[in-house]
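Form predicted on its own, single chain, as structure tokens, below.
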């Protein structure tokens, strides 16, 4: 075979390399987890160029280069694709820790809202924050996500709720989409999160502003448009109007659907060809059949159930109906202040009926599908070299050992974080005609 291009990164001595689509598989109702034992992986720049058994690495011929690659010895530990968080509200100011304590002392959401809390509280803090403050806050959160193994993050607007503030939130998300040392950010426009106080007397005017003014202005900057379809947020007709316009403008579509009640949002997601429908706590069997038939990914958010002390969505129901399941943090200041996807895996296994392979697929391969990203979430030559390096000898510790960080580092686009140790000796085979 012809020689491969000279590598820039070599990871050796991997105890278990989970490809999520590999040679030796663990059965799953929605796919398979590929495991290569005693493995190695080679990348050039952002892309994987080879992976396989460690014993075969010395047989691979690489073109010569004056610059040796970075070499990482995985120490017999586990390597997986980088984790993908397909639903977050990354950019906001302020916090609502006091509300968390009030809620668990017995206060209802309505009582908290009447005191000026809820989304309106975050909206006020976010509108008052400068662009620089929002960038600094988002950077700190992305660093925490990276430390826990996340290499791609969806980031919604939705806490500005006026044009100037929503554009500022989107600009922050777009800024981080171009940074290479942090998880890659996928921007989502969620101007239709709730109706802000100043428009409650004329909600139709707010819907028109989102649909007819903001969506055209932000087209090409946000990858997705999302709407919170719920009785306390936006009706089914309002949601259809906004998302139909977004689709015509070239946005991919997402929905907050069936979280608090059965609103019809899941069926609408299927009707409009949305990439994902998120929450789905109250989805009916017919809703799940529609989602499966349309290929819509179901994104479940167990951190909300933990924070709100509500029943967890039943992932087994989605799988039984043929819906691909993703897990995400829903990182936000009110209902899940958690950047750790490892914790979502543990909750998915313990409370939602997922097996470990299904839970791992839910934060890699299926999470990539929930963001319409075909170049990550699995490991194969030609795909992005986004990896999580785990300090465990076997992957079955994931979800079992919870409440701690099992990840020691990540690789984002072929760049290790923290940086790889100094280069050791590298003596690739010379090119040959094999």
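None of these values were measured; they are calculated from a predicted model. Positions refer to the first chain, counted from 1.
Keep in mind that the form predicted in complex with another copy of the chain is not shown, yet the notes after this line are about it.
Inset, instruction - Classify residue 104 as contacting or not contacting another copy of the chain in the predicted bound form by the rule of any non-hydrogen atom within 4.5 angstroms, answering yes or no. - result: Yes, contact at 4.5 Å.
Inset, instruction - Examine residue 98 and determine whether its closest non-hydrogen atom to another copy of the chain in the predicted bound form is within 4.5 angstroms. - result: Yes.
Legend entry - residue 275 within 4.5 Å of another copy of the chain in the predicted bound form, heavy atoms: It does not: once another copy of the chain is placed as it appears in the predicted bound form, residue 275 has no heavy atom within 4.5 Å of it.
Legend entry - Exercise: residue 313 in contact with another copy of the chain in the predicted bound form, heavy atom 4.5 Å: Residue 313 lies outside the contact set for another copy of the chain.
Legend entry - Heavy atom contact within 4.5 Å of another copy of the chain in the predicted bound form, the stretch among 174 to 182, 128 to 136, 220 to 228, 333 to 341: Only one stretch qualifies here: 333 to 341.
Legend entry - another copy of the chain in the predicted bound form: contacted by all of 70, 146 and 390, heavy atom 4.5 Å: Looking in the predicted bound form, the three residues 70, 146 and 390 all stay beyond 4.5 Å of another copy of the chain (heavy atoms).
Legend entry - Heavy atom within 4.5 Å of another copy of the chain in the predicted bound form - the one residue of 121, 165, 241, 305 that qualifies: The residue in contact is 305.
Legend entry - Among the candidates 51, 368, 407, 398, the residue which, in the predicted bound form, approaches another copy of the chain to within 4.5 Å (heavy atoms): Looking at 51, 368, 407, 398 one by one, just 398 meets the 4.5 Å heavy-atom criterion.
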